[in-house]
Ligand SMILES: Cc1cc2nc3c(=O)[nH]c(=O)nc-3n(C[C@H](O)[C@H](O)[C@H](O)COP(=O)(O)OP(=O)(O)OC[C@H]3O[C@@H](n4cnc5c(N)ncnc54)[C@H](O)[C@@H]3O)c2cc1C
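Given as structure tokens, the chain that follows is alone and in the form predicted on its own.
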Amino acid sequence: MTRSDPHPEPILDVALVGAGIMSATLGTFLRKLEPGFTIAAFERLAQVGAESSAAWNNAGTGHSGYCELNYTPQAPDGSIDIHKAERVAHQFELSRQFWSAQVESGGLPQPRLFLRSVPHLSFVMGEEDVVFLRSRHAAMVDSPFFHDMEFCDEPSQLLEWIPLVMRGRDDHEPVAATRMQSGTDVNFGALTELLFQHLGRGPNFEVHLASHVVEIERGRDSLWRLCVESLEDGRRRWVKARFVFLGAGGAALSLLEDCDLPEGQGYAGFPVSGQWMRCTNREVIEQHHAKVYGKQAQGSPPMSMPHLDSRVIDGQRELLFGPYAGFNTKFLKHGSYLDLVESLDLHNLRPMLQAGLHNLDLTRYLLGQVLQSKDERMQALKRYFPEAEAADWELQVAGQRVQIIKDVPGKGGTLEFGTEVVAAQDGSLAALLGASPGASTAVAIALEVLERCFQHRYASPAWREVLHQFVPTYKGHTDLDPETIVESRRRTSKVLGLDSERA
């Protein structure tokens, strides 16, 4: 490609592609660990945190394993596996510690600008699911992460917990719920903006908005070369970077393919869009203060897990239900309908076709969701809010997610619903692929990137000391003693103002 900028290519220590919560978190770590690093973030939109991190584009749940039933699968013998829930809970504890450290050091202002206390509940209907939830509760309360989880199958008590969910319900229908009072609601868009604002006040850091990274390649000097197009005037320029983080949501896959790394071959992406039903009746909104998660439909992706969700967005209470899944070929909400086709190459076409054949139920489910009428969406809502009135609800477009398709030896193309860090062997580049649980685990993901891509520095006493200041309990696993977990939650709740909100 012919370069339009005649000036010498600037050399960055770190290039962050995408200005969402992932890049904001990693950038904050690196600024503290290596104050002399020159760091730049490149964002194709006109503001930071406006794609997947934006409040209306994600659930805002501080995913801590409290209410997400797909994190606790039931084995054929009836036992409940809580290991994933514990892992996610530990990852969110790291996020709370990181945010607390930022608040204490002045890196973040008032926590209420991005974080609120909201109970997390799991709610089920029908005798079989009530039995499952009771077994799940029994398994989880033995873990220090969930020792204060409450179980209830008494309608009168549930009416106090979740009045909108219980009013108008058949008295003979078996129902049950678990509740964690220590749940949170996070505005990741606001958090992203605050972190970037703090980064921007320091030296050697820049955010380039309306700047689209259209190409990335390895130079003869082993540095990465990024072609950046200005979406304001169309001009293109090249920059070099010693380390690149591809944190651009679904767009990370296409950029990873450009890099031609052996570690990145065989990956494909399956885009899934989302929509909410948004309540417009202020009287109704004020009656619900909880995140109530149910069981997802058979064959549906984890991001479609139904929930009646109390939010605080831009300082105002909101009430959402959904998300309703859908399908289009964009990899970003503000992307192109050609994204899916352009992502296909000789390395991932076969895994893509295999995954499609193995997930026909998911394809049928998504098509059904796309064709739903408002009446059909209201029917789904009324399972969790029996007295809902159609006039009080409107459709709100949510974010776009790209699920990973991997070429797994012995299995072929396999659809994965988690997140995965793909890193170059020499540690010069890392890409974040996948969708769930996403933003809540940004701190854990950043730590993984640091460990894999900056190995020598990561092991140094200087880095370990700084990391301990940010995340005191981080050891890369979940087998923390109960006292450590309880003390961490007590301290971070105080710093983040969560105790006073529950009082």
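In this text, residue numbers run from 1 along the sequence as written. Please read these numbers as outputs of a predicted model, since none were measured by experiment.
Missing here is the form predicted in complex with the named molecule; even so, the following discussion is about that form.
In terms of contact with the named molecule in the predicted bound form, the residue from Gln400, Thr72, Ser343, Ser310 that brings a heavy atom within 4.5 Å is Gln400. Stretch-level contact check against the named molecule in the predicted bound form with heavy atoms at 4.5 Å: of 60 to 68, 449 to 457, 462 to 470, 31 to 39, the positive one is 60 to 68. Remark: Gly27 does not count among the residues lining the named molecule in the predicted bound form, judged by a heavy atom distance of 4.5 Å or less. At a distance threshold of 4.5 angstroms between non-hydrogen atoms, Val292 is out of contact with the named molecule in the predicted bound form. In the predicted bound form, at least one heavy atom of Phe188 sits within 4.5 Å of the named molecule. In the predicted bound form, at least one heavy atom of Gly249 sits within 4.5 Å of the named molecule. Within 4.5 angstroms of the named molecule in the predicted bound form, the stretch 269 to 283 places a non-hydrogen atom from Trp276 alone.
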